[in-house]
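We begin with a single chain expressed as structure tokens, specifically the form predicted on its own.
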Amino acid sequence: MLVVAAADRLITYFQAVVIGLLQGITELFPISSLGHAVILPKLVGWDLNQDKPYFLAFLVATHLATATVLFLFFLPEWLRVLRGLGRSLRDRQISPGDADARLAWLLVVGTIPAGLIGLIFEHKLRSLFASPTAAAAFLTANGLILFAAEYLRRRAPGADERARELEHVPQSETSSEAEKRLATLGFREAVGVGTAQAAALFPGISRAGVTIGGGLFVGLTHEDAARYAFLLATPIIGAAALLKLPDLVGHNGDGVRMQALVGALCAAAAAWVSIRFLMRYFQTNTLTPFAVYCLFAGLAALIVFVF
């Protein structure tokens, strides 16, 4: 009983609510969920550590909740993409004009590099850099990356032509029309944008930010880049959470499972609101406000931790 009582205090329910809400927002906003998960506990004096088994088990639930919300939000797109993938496997080719099948394979080739890099280097990178000071430095760098993405978005070869074709898209369009535009990406571009996700292994670098930035660099509009980033993130976040699910159901989850449930529900609610907001936001807005936030928040946290 004494052991259980002590374990119950590993994460309080208040901390579970805060971390869950934070995960649901920062995983989708281009401001780094991992960076905030490392920085916030240090700033407020919580005795939590990203590398402790119980905390990793808790995060599994919040990540799985976020991935589930992403999948459900884009469910019509995923159903079309999966049917397209099935057709291409059946026919052993991507039929001309089958945008769903082409987008499916773009997502596959974009997911593989980041997935392999994550499997090989995730533990080493997170162990090496999962300190509040490093996270603050990388959050500052994330701001610079977002600024650079906006500055360079029309400078890649062929980006101007595609960007002109995608401008002035009506907001009443269907998601299938957006998929047709995404399917015009080349496979080399898809690999490049997908590989950029691996930068999120550094706490403070945003998966959404670098992926949206990559989409902008190859000529997508902000809205299409965000849609592609969220589609691309869904299998990565979901697979990573499922692979670590044994940590939550095993002994590492002892004492934090109910807190994990609370955190997951909060993460799901925050993620749903966030994705609805962001898909509307990127119809007419840019990454610049997030770049400003990351730059100044990272520098402020860095000053606090260093001095």
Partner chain sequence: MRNDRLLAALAALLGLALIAVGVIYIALNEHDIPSFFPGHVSHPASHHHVKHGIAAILLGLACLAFAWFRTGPRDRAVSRA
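Owing to the predicted nature of the structure, the values given are computational and were not obtained by experimental measurement. Positions refer to the first chain, counted from 1.
Omitted from view is the form predicted in complex with the partner chain, to which the following refers.
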Quick one: in the predicted bound form, does every one of 47, 68 and 72 get a heavy atom within 4.5 Å of the partner chain?
no
Partner-proximal stretch of 221-229, 200-208, 104-112, 135-143 relative to the partner chain in the predicted bound form, 4.5 angstroms, heavy atom:
104-112
Hey, in the predicted bound form, is residue 119 touching the partner chain, heavy atoms inside 4.5 Å?
yes
Is there a non-hydrogen atom of residue 258 within 4.5 angstroms of a non-hydrogen atom of the partner chain in the predicted bound form?
no
Just to confirm, residue 93 within 4.5 Å of the partner chain in the predicted bound form by heavy atoms?
yes
Applying a 4.5 Å heavy atom distance criterion, does residue 89 contact the partner chain in the predicted bound form?
yes
Though the partner is not shown here, which residues of 225-259 have a heavy atom within 4.5 Å of the partner chain in the predicted bound form?
243
